[in-house]
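First, one chain by itself: the form predicted alone, in structure tokens.
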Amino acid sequence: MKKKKLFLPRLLTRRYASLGVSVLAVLLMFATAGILLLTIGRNPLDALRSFLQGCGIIAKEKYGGGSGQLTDLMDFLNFLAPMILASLAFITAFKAGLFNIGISGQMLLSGFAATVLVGYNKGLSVYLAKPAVLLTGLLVGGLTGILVGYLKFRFNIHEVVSTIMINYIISYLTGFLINSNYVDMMTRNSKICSPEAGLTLTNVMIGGMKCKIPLALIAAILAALLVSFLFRKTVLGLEIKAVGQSRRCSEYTGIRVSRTILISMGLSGAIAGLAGVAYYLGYTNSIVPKSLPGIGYDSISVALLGNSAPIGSIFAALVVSVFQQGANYMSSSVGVAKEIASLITGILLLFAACGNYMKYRAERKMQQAADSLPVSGNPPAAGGRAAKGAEKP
């Protein structure tokens, strides 16, 4: 009997299942986005090329004075760093069965605190200011995450509800403080922090081009490696994953669920705090009052696309960041509204969230194929299945 070719189901159910789901989600996203662009009379290949050009992955036709492809690439990497950190923050809470919607608020509060406490202190040297920025982000974000975890296990307030409310509080509180004390009258944003505290080296000449060197990218890569080590090699990581799978079983085995929830949310908030300082003291260097960073919500699609794996989130962040960072150039070159990038990200999130369903369908196809094969040399029955339990002569 000729074997059925079931390459895709095998890919989704065996060793490379996580990679297969991510690749399939990206392919479905490209197909859907391509159809959408065709319906409005635009060439999908031109749009994709313009996205890549806007990120410095492909060279543009022309550049302004003192800039080049490397300039755009460094700007892209500067944007990529907080995206990786924000996705790691979501993964850390998600492993414990918690849905941290408050990453944007934790980023904003940490970035604001680091800007005010360190960024406006011109007496600090560069060797003290930059570590102080990172420590402030870790501390403020971690305390905010611990607050959410405490509300969860002490008063049974769902983390989605509490984080959404805390986001509003942080947004309006920081907006009020900026407009009252730290506003730049020209831009209406917060005042720019000192270069000593900034996490981006500006106006660095490389090959005759002015570039921004993203120091936060180093912290993002190290954080991904540490989070991966946490969940793969430590007892705490095993406890966090166990609580995420079943809290009752975890309590039965002796795991302190309340403590684990606090630690998980604290770690998630601390990494979100790092993302906040990387974004506000690195990528933007100022804060828009009463505005939450969209990276905090995009990190959900990055985490799901990376199958909640710390290393996978790096590659998923690359994909999502291409559409977010290259949107402006795509809009000007192709003539499509830049909001199309957010729409593409939403489509990607939709397909990435269907990963479990894809695996279920693949496993069902594999089972059907196995049931249709002959058993013990007996010919298949009339219905297509192997004859089982045949009577002995």
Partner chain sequence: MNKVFTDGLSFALPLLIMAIGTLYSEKSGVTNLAVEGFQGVGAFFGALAATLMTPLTGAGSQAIIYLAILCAAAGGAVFSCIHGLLCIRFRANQVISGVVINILSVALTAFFTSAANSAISGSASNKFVLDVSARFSVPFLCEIPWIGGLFTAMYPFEIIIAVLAAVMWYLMNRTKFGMRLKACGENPQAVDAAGASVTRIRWAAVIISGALSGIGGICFAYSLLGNFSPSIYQGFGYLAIAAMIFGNWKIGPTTLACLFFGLAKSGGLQLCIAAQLPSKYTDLFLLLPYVLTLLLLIFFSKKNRPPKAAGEPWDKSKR
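Just so it is clear, the structure is predicted and the values come from calculations on it, not from any experiment. Numbering follows the first chain given and starts at 1.
Another form exists, predicted together with the partner chain; not displayed. Remarks below refer to it.
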Are all three residues F79, L117 and N328 in contact with the partner chain in the model of the complex, where contact means a non-hydrogen atom within 4.5 Å? no
To verify the annotation, which of these, T32, S342, Q53, S67, has a non-hydrogen atom within 4.5 Å of the partner chain in the model of the complex? S342
Note which of F94, F112, Y283, F323 lies within 4.5 Å of the partner chain in the model of the complex, where distance is taken over heavy atoms; exactly one does. F94
Although the partner chain is absent from this view, report whether Y297 comes within 4.5 Å of it in the model of the complex, heavy atoms only. yes
Touches the partner chain in the model of the complex: M74 (any heavy atom, 4.5 Å): no
Does the 4.5 Å heavy atom contact test between Y182 and the partner chain in the model of the complex come out positive? no
Is there a non-hydrogen atom of V126 within 4.5 angstroms of a non-hydrogen atom of the partner chain in the model of the complex? no
Would you mind picking out the stretch of 196 to 204, 137 to 145, 309 to 317, 166 to 174 that comes within 4.5 angstroms of the partner chain in the model of the complex, counting non-hydrogen atoms? 166 to 174
Which residues in 119 to 156 have a heavy atom within 4.5 Å of the partner chain in the model of the complex? L151, F153, R154, F155, N156
